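Quick heads-up: the structure tokens below are two forms of one chain, split into structure 1 and structure 2.
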Structure 1
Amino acid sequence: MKAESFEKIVDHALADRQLQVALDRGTTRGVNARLLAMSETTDAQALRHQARLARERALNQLPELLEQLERNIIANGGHVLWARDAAELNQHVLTICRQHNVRRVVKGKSMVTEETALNHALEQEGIDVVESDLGEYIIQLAGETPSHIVFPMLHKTKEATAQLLHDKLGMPLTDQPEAMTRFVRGVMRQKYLQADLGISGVNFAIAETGTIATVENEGNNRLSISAPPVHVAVMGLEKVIATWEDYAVLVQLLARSATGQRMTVYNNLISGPRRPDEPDGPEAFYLIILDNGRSRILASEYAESLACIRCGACLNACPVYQNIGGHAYGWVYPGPIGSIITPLLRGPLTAPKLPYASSLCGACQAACPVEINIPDMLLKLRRDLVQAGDPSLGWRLGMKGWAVAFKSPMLYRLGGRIAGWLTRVLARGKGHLRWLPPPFNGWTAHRDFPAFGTPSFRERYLRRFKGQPHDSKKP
């Protein structure tokens, strides 16, 4: 995580009017689009389960499927490279660039390359990299990082976007997204045609034919992987799936969950480089398969997180994300799923706040097209943090004390009485308190706290059934 504390970053985000407007507009549209699109399927619940099973089957046989994928890609004339970690992936790309005398690279959207900071590695070698996705391009111009898996510039209003394009590229100011888009189209055209190499991510890799599938709307991905003479695709090793039937359900749920579309505009299915008899397309095709901690996750009780298809639905649905945006999560993957995979990929103590940045409301799980039980994993990560000794001594003692009190009916009653009396005194007859001492001042920072009612239910019950308690078990 960055040096600035999570709480500070959150405070900035909450106070950022521009960000709040952008988040509100963006996530509301995203949630509504998904709900509508999922409600128009044959059976949303059954399909989510079907999609989930497709992912589970793939994860159960990962090594076999990866080998099958590799065999088929090689048979189609492509190359397959393996990378244990981020550095190794970047090194592979640099080596390919050297082999093909590459100076200019154009990139389609890829979260994995964000994970490995590939752009930085390329730029250090003097290679020019341009993001071709509209959002990613604007983010790159601004020198920022994506704040959403699917909508990288969700944190920006259209007004801020126009200003940026005006300042950096001299676009005439406008508040029309249409005009801004047309402007960027013009700028990007030449870049595609001049690029020596195109890089793309992978949404699904279909093992049985050695095909990689990307989904997109803009055409930038298709251009990036079709126009330059070399295409490099990078994928996390969990992206492989077994069959085309699995692809059919997953790709459609991905579109409906991510953007509310029935199909994204372009689904590109790439099976190796241009065939000798084909008029266009890249002459060389490389697939790089990245581990970077994923095989470790597969062995853990968090294997489920590898089922994620990066649709971003859980981000839009999350009331925490809706309020703090993606940058507060501190790394490449924001939102509920980010709170899980960031600590898993980078180590639990690198992001100790993230598992706690959730009210466990379950909106993420309900939105997830592959039924990932995010709240459950957040709870397990919290448990891991406790076992690693992360919470402060104060919290640890507090919890110990709480357990001692709450497993003893007598102490529980006594504590309840004291707390009740205290709250009533402090409330001074007003029924509620406006201030509580630390650590409970977090509560009263934003809401009043009630004075406890009296007498307790238990006393009322005993009064009512005096002499004939229904209870068969005396305390």
Structure 2
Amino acid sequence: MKAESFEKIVDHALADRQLQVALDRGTTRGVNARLLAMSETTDAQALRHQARLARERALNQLPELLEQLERNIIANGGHVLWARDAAELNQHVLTICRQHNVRRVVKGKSMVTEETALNHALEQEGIDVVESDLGEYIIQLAGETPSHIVFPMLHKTKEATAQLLHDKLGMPLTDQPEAMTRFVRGVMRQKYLQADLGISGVNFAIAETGTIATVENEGNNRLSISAPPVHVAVMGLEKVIATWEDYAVLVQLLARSATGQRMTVYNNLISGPRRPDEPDGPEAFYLIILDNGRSRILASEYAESLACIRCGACLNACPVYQNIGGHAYGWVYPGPIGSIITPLLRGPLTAPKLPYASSLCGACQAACPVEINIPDMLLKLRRDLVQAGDPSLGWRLGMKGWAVAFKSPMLYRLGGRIAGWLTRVLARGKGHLRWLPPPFNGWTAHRDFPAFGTPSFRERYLRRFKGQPHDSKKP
């Protein structure tokens, strides 16, 4: 992520009318669908609390549950590989490809493979990789990256998508999403049949039986993992949960929070390769478990962030994301949760702007199905950045000056009087300013600044405190 260009990317996003239309359509639909789906439950808050406890139990027992998961998958005939970082995960997949003479890969939706840039690593070795999720496939055709955890092409309108499919695949122009889906489905059928290997993500990994679970609405993931002879599943180590009871709670909250459904159309449960008496499925199954900084997060005060189930609800609810979209965040994980995960995984100084890309309104926490306290962690990350010496010299001097002024009643009163007089002069009787000198022009570049009122709040307070009558007709 090029952190120094964050402001430029945001300015570009705000000026992009097509993006603004797409964001308004997508996030509004996402918020409303989630609210309706959650209102259908008997006690939505109790359900969220139960899900929170399930994720807390898993994180508290993480080493034991991962070992249990490994034992059960091996007992089921699968293979388990561990990856310390992105490079090791990519190397594991490349090794598997060489062992099985793989030349063509179909891949279901996976944020972890975006995190490790797996597609790029495979393509460098001459292996053809095709995204099978409709949104991911369109993004791949466009040469772009996902802008949303659940809806990777949220930043695109249906009109722009139709033009892209026409230009890249020769699809007749249409404004009907059903027609576009039907066309892409026809293109993808042969990809599944020709693939040597299928790759999937993991929504949940159930330790007690060695089962991985994926959720989807298109059926593409099921084809990706069952049609090719080899299936590779990749997951962050935090995706493990203890029991089927925990899964039953979490899977319904994932659907309601992500897409506003009671349950996703396809809920795939895989415990290993095809058995001798089964007619289809992969002949070999591999699970790769990625760390890539997650163990470090688990041992920190930010362990709560690992409870995220990647539903994307916080993105839809966030007023910042609603206006700038996902690409402005500069890496794989956008939105409020991305403003936490990115600095934690890549280092705070690689993304110093992200913890400040929030109004701290709390909409993200209110929408989170597992009650993650996102605003609190964003504040802590801001603290970490200050302690790491991130703020500029001007910012540090300004804050020291502010502290000195606020500790002195005399300086505080003097500063208030000067500011009041100056803003009223600059406003020239209009009541608000459209320009302030640097560094305050950062505010007036986007909004007006009201002139300070008179009398000041302090003067009003003292007048009343001393028992003096106040004429409400006076300003």
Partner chain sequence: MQLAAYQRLPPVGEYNLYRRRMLPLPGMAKRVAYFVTCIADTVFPEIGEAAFEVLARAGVTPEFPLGQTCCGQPAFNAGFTDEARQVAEHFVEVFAGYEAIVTPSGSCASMVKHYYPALFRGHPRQADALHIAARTYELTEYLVDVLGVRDLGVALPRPTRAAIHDACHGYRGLGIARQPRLLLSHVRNLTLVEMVGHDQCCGFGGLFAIKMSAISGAMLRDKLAAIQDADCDLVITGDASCMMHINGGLSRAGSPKRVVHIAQVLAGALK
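These figures come from a predicted structure and were not determined experimentally. Please note that residue numbering is based on structure 1, beginning with 1 at the start of its sequence. Between two forms, the rigid core is the largest collection of C-alphas that superpose within 1.5 Å.
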Index of the chain form predicted on its own, chosen from the pair: 2
Flag for P63, CA shift 2 Å or larger between the two structures after aligning core: no
Core-aligned CA displacement of S408 at least 2 Å between the two structures: yes
Shift of R417 between the two structures at or above 2 Å (CA, core fit): yes
Shift in Å of the R460 Cα between the two structures [rigid core superposition]: 3.9
